[in-house]
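There is one chain below, alone, in structure tokens, taken in the form predicted on its own.
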């Protein structure tokens, strides 16, 4: 089947900076695809290239198998939802949603019918006559979604749309977005710097770094089997053991990922096996059900363990000497970053 979106060795330069550096990927029809990475990694530029707001300096971009290099944004079957929603404050909610339809020459009655249907879909039909300024952040976000979806795009692009929301509302909107995408069957491309958002919603995630994709995989594989040091650190904040630390703690060379939840705190006097470590607790961060414990293992190196908060006890108090243990299969060999 022809992919909904295809990047083939795409390059986008800004002077000497290669913001997108030979990126290739395919997005399947009806897929929820996330572009994940820190600021300046190339994810938003890639989204803008799909939308047509940017033109590539090299490579090819295809939508539904058609090269769109010469196609302007309004000629592409895509719509974009931005972080700031970009609603017109002087128009009602209904008029905001129907704006694109009216611009395309759709009659007032038909535009109203379609717009109310989309507002009903996002549970805001009762707010049709209100001003956007009278709505909460989550409601404005849903209006922006309805406005984008009313044009029936084959691809919906979402540029950090949850970034302005508080934590609880952001988590609720994650569930709503995923449910909406499944019900509509539309291809979603979601840009975020928040690995929790990407892992919880996407079918596949492309992890960007310095204009390139470090790894493209399912959320589970990215978390459990990171391919590179960067992915291990960025997706889930794993401990990375390499160089002197790997030699001292593991008794071997190379670069390895070790998740905080795979580290166990044990009695320091009980650690006798090679490859295990002892250290001093330097910080305990309470995070509800689990706590993050930071342990200085010597030589300026620190490892983090995630521990059930109910089982911390005095042994994990700051300044305590502790042992660290883990199973061999918890160590994942990764490619070391330059």
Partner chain sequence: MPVGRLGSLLHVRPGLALFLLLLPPALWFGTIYLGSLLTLVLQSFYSIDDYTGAIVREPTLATLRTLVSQPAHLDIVLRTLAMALVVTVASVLVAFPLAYYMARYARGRVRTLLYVAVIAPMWTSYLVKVYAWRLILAKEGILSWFVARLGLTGGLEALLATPVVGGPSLASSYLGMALVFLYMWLPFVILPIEASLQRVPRGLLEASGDLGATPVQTFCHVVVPLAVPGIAAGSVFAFSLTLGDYVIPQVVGAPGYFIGMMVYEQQGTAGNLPLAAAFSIVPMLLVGIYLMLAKRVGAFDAL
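Positions refer to the first chain, counted from 1. This one's a predicted model, so the numbers in the text were calculated from it and none came from an experiment.
Just so it is clear, the following notes concern the form predicted together with the partner chain, a form of the same protein that is not shown.
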Between 228, 151, 181, 209, only one gets a heavy atom within 4.5 angstroms of the partner chain in the predicted bound form; which residue is that? 151
Answer key, the partner chain contact in the predicted bound form at 4.5 Å (heavy atoms) among 215, 79, 192, 257: the residue is 79
Mind checking whether each of 86, 90 and 99 has a heavy atom within 4.5 Å of the partner chain in the predicted bound form? yes
Which single stretch, out of 197-205, 229-237, 70-78, 112-120, brings residue heavy atoms within 4.5 Å of the partner chain in the predicted bound form? 70-78
Quick one: is residue 51 in contact with the partner chain in the predicted bound form, heavy atoms, 4.5 Å cut-off? yes
Quick check on residue 104: any heavy atom within 4.5 Å of the partner chain in the predicted bound form? yes
With a 4.5 Å heavy atom cut-off, would you call residue 147 a contact of the partner chain in the predicted bound form? yes
Heavy atom within 4.5 Å of the partner chain in the predicted bound form - qualifying residues of 166-196: none
